[in-house]
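Okay, so here's just one chain, in structure tokens, the form predicted on its own.
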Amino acid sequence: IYNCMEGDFIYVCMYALREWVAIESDSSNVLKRPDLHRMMETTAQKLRLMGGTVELVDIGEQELPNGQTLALPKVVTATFGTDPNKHTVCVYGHVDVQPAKLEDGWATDPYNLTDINGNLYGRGASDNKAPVLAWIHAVEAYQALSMELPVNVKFVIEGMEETGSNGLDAMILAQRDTFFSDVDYIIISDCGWLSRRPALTYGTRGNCYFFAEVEGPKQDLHSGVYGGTVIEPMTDLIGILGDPSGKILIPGIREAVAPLSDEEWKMYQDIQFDMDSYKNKIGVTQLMYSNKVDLLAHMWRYPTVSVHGIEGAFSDSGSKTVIPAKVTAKFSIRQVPNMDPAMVKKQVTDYLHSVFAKRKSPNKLKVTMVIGAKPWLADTQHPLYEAGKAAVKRVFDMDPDLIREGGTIPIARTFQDVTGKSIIMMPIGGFDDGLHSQNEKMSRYNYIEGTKLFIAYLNEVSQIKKTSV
């Protein structure tokens, strides 16, 4: 079957990716919403032309900060095959993208797929349009050879992942007993390899995102006139943010973390990971940890705190002698098993208020948690992962690394909690693809060989015994 992944079929793959990248499906920009709707219709039409049973599911509207409402992009669902004697897999992906402009520092037009030395540059090429298309091409390959699909395949493709998957949780819950009722396994390919070695991903961290607002005077003040006479909100805010080393000081956070087992330590030890290359890629001379196991553990399975910015502070170029009347710190805690977002919210809120109280400041503190996404963890001994190892071995002639993601893919936990189905993350993106950054790319090699991987994986999943579901 891999022979069809040559010549004309590769041209079809490249043309499809070029067409999809050209659509500026930026879900964060309301002015681009028509493009996003067009992206969903383009995706649906691609699946219709392949003979799938396709539906564009209305998931309602989103409310904008100004009170206006805007139609959310419809979710595309598609079904190929309904044989009750076969396993049914459901592939999830998204076709919305992060913002991108040439003036941001791109070497090429971000919405014109450009092939340079075997790398396909364009916004969304790796995150997540090429992986979605690779799954579609896997189905097309069977069709091109008039071969019966070894499993039934369903697709769930959304257009709001980059801004929080608005409306998707409700849609999954609403269709739990209909569209998802016959699904055996769910596959997500919205992630990447850690090195040049293929990988299977079995865990992600969650994310608790907070606003900490300190309010003081009724208006901004002149620092020359009022400096030294008022207790400044910015000083209070910096005072409660804590240890500049990045250590989490909140009681109960680290105590909740699932302990690192000897087996897990051994898995980390065997993973292919070059720390010098990692430092060079991100442009630093020193990391927080000096050995591979410690670094990977703190990237994947220990909580971290990051301060992302301070709203209300003067940040434009030039100088401005102002004392801000109200400032808001934005920070997040990446959470891991066995942490719970509701408990993290209480721990953070209580701790910040206790630290603030010790300052005896007349200013007011308000703490809000705006995101509470749970971590996800799978069993690497599940037949899904054994099938994944076999598929990687067949296509790449090597064993995959079993890795976790430091970031958050909330939909994985939603699928797990709502449907109760087993999930695997099977990435094809490269470790250096530059997701969310300038010059995002997907290599031709990963795109084509990744499609072959998905073809092989469908065959391997078909051989899982029904009793092991």
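A residue's number is simply how far along the shown sequence it sits, counting from 1. Quick caveat, the model's predicted, so the values are computed rather than measured.
Just so you know, the form predicted together with a further copy of the same chain exists too; it's not on screen, but the next bit is about it.
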Checking 179, 209, 106, 193 against a further copy of the same chain in the predicted bound form, the residue with a non-hydrogen atom inside 4.5 angstroms turns out to be 209
Have a look at 259, 118, 309, 84 for me and say which one sits with a heavy atom within 4.5 Å of a further copy of the same chain in the predicted bound form. 309
Do residue 89 and a further copy of the same chain share at least one heavy atom pair within 4.5 Å in the predicted bound form? no
Given that a further copy of the same chain is not shown alongside this chain, does residue 170 nevertheless sit within 4.5 Å of it in the predicted bound form, heavy atom to heavy atom? no
Any chance residue 330 has a heavy atom within 4.5 Å of a further copy of the same chain in the predicted bound form? yes
I'd like to know if residue 430 sits close to a further copy of the same chain in the predicted bound form, meaning any non-hydrogen atom pair within 4.5 angstroms. no
Candidate stretches 129-137, 344-352, 262-270, 284-292 - the one whose heavy atoms come within 4.5 Å of a further copy of the same chain in the predicted bound form: 284-292
Within 4.5 Å of a further copy of the same chain in the predicted bound form, counting any non-hydrogen atom, which residues from 319-344 show up? 319, 320, 321, 322, 323, 324, 330, 332, 334
